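Only one chain comes next, encoded as structure tokens, the form predicted on its own.
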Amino acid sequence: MSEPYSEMARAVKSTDTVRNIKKYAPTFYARTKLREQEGKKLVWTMVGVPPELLVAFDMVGEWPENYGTLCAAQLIATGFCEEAEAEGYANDMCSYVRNTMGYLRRCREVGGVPPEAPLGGMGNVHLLLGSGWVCEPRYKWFQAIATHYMDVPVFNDDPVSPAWDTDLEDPRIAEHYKTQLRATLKAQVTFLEDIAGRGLDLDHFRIIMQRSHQAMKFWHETLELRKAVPCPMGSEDYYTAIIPQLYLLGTQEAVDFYQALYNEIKARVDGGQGVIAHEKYRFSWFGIPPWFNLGLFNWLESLGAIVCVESSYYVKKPPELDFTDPVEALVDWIWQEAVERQKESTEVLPEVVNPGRFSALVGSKLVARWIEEYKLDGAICHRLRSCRASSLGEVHFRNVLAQIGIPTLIFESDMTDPRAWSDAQIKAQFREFLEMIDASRAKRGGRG
């Protein structure tokens, strides 16, 4: 196994709510203990699968993508990636996938959980609930696991999305895609009913969906508060605060966390408090972050630069919904968000229909609006060697922003595998980018 990279740094959070997320989200952080409870089914699943379904069937989730971020943060992922590469997986394949396949190879080698695995491993899975949304390796990922490592039931959903120039206001087109989406969700429910040995309790699911909606409203309103100058929350907090959005929707924990975070950020805005005392630069961020080095955002803040808004996992204001039929409410929610993404010119996003209801990429119209609303000085694009899906369109966005005089930095690394990181080289790129902004301001007499 490879030695850890000493130049990596964990993020230092600025908000009390995010620092104390374990208090607000015990279900997520104590899931290793929940697995041991009698009758609990452990599901390996993916972002993009509605987490409300797991809540409805009282199943414990484990997300290999999230486990990849944990392995990255603890500088363990490189070893698992190397194990997968030794098995024949290419080193430019999704590093979440490589981390998982390497972990499973190590499990087979040692006859159990590898000693280096965080949290005592990912548990003995009962079923795999996958999604092919947005990225090609995901659809085959769980199939490969079930083929080579474990004999468990597998359900893969692959949501169908219209082309970016389709007229989604046409009711015939809307009904066509909603019919497919409805059928997929009902097939997921049937699969889970067969595993759980009971039907979906619609009254209980209605409450779950209402909680989900309430949580996302608080979360969206919190993100809107980041438009304030100075910015009250940076990426070092954002990339932990997404946890309930991705894994706990439908729980009261998610509602309580986002309400507490909203209250804290609102108090900061009302008091004129920002993350850093003197903001010199305000940026948007495109792409998944380097999970092994979230301290990068603290380093940027030490230079007077803060990231105010991120494209990855960005959530919109949830639409008004009728929860009489909670399954149909979920269908409507997913579809209405897809329509809104389409209106924002998501010309580089291959699939706008996301049952997880968050963005991997955003449209050029929204990006241009962000410049004004967040008072941005530039954009930072993280081109990921092993994730084409979240790196799509970065050159396009750079060209769009250049037309309105906004500079863009594109740097290359990875989300999980620190072998792609060169600390001195990447930080030199950031310094040059800030110097370029300073020089441009000096010419036109702007702020410094």
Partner chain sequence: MRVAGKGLARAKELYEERGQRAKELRVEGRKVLGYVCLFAPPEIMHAAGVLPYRLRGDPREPITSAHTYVEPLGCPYVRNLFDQDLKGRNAFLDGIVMSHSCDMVQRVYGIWTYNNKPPFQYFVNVPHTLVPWSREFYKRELGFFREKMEQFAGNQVAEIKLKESIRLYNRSRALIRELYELRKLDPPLISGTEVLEVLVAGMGIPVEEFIDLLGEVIEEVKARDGGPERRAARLLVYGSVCDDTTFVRLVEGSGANVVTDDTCIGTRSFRHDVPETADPLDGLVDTYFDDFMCPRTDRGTDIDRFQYILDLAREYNANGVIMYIYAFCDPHKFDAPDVRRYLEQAGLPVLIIDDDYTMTNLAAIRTRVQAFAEMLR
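Predicted model only: the values in this text are computed from it and were never measured. Positions refer to the first chain, counted from 1.
The protein also exists as the form predicted together with the partner chain; that form is not presented, and the subsequent description refers to it.
Under a 4.5 angstroms non-hydrogen atom cutoff, the partner chain in the model of the complex has Ala183 among its neighbouring residues. Within 4.5 Å of some heavy atom of the partner chain in the model of the complex lies at least one heavy atom of Asn399. Although the partner is absent from this view, Glu136 contacts the partner chain in the model of the complex, with a non-hydrogen atom inside 4.5 angstroms. Put simply, Asn124 is far from the partner chain in the model of the complex: not one heavy atom of it is within 4.5 Å.
Here the chain stands alone, but in the model of the complex its contact with the partner chain, taken as any heavy atom within 4.5 Å, falls in 376-384 among 58-66, 41-49, 24-32, 376-384. This chain is displayed alone, yet in the model of the complex one of Tyr89, Tyr247, Phe205, Trp333 has a heavy atom within 4.5 Å of the partner chain; that residue is Tyr89.
Residue Ile173 is the only one of Val327, Ile173, Leu200, Ala368 with a heavy atom lying within 4.5 Å of the partner chain in the model of the complex. Looking at 162-196, the residues that come within 4.5 Å of the partner chain in the model of the complex, counting any heavy atom, are Pro162, Ala163, Trp164, Asp165, Arg172, Ile173, His176, Tyr177, Thr179, Gln180, Ala183, Thr184, Ala187.
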